[in-house]
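We begin with a single chain expressed as structure tokens, specifically the form predicted alone.
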């Protein structure tokens, strides 16, 4: 197995310089040269690592790490760590993000311009500094905002709009009439504006007739869609499937036609949302959550992984399970499920002592 160890991704800074960059308090060897960033278990004397107290299982790894420098939570200075340089910060994840931003900025950037192997319609409008990769197709009347990077083999449909400073990774599809805001990131294979799942079934013949899907999709600013995530277009020409500004969506998520997703939501991998459902602002959907169609999920709702939502959920509720229930109730039921064999045996014994036999307790005794 190979590791990512390119020169561009080396820090090349001292512990003191790193502490200044992240606004942390340094203890230990200030002039220690730091090269890479690695996990607590993998790091060596020239590497920086970090501890996130949200995952307490890594405390032992912090106590045994060979990392030369470690980012540690300022709120808990009692954490054992043998690193020669220790940097205390209010939020280790935020400090780490600042360092990763630094490394990301060193990656080679796509140069502005259109690759000669791309196909851009003469009526398409490209802003300043746009980069279009090989074998990408941009159709009639499409518009691309300034500074946007479109990688290889992407497709932007007729009259679609992609905002400024966006990034479309390879094989992204933005179909006709769809609108993408500024600073949007669409990861490889994402599809914006596929047809909604609309069919009419003839009761006599059983045949399914396709219902044309003529609306569009509108993504707000700073939205991110993960790899192979799909957002279906609205049904009627006046309909839009919308995703609010700042919402972050993971890989392999399906959002049905006419859905309205609010601002600042977090939607984790393999979530499925059926058509015409409204999801409020700042909602969190755990992995593999399924939501039925035509429902309303209130603002600030949190839904645990693999939950099934069959009814509306009021704002700021925390629910879990299938069908989903308030999380405390759901956890109690989970605990009871584990005791069912023991409870069943006890009921059988009670029936035996009462002379009712030891059969199925759900069956009534004979008269």
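Here the structure is a predicted model, which means the values were calculated and not measured. Numbering follows the first chain given and starts at 1. Here, rigid core means the biggest group of C-alpha atoms that superpose within 1.5 Å across both forms.
The discussion below concerns the form predicted together with another copy of the chain, not included here.
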Going by heavy atom distances of 4.5 angstroms or less, which of 268, 126, 79, 149 would be at the interface with another copy of the chain in the model of the complex? 268
Picking from 39, 28, 315, 326, the single residue whose non-hydrogen atoms come within 4.5 angstroms of another copy of the chain in the model of the complex is 39
Just to confirm, residue 209 within 4.5 Å of another copy of the chain in the model of the complex by heavy atoms? yes
Answer with yes or no whether residue 294 is in contact with another copy of the chain in the model of the complex, where contact means some heavy atom within 4.5 Å. yes
Does residue 117 reach another copy of the chain in the model of the complex, with heavy atoms at most 4.5 Å apart? yes
Going by a heavy atom distance of 4.5 Å, is residue 16 a contact of another copy of the chain in the model of the complex? no
Given a 4.5 Å distance limit between heavy atoms, list every residue of 39 to 61 close to another copy of the chain in the model of the complex, or none if there are none. 39, 50, 55, 57, 58
Could you tell me whether the Cα atom of residue 25 shifts by at least 2 Å between the shown form and the other one after core superposition? no
Given a core-based superposition, decide whether the C-alpha of residue 350 shifts by 2 Å or more between the shown form and the other one. yes
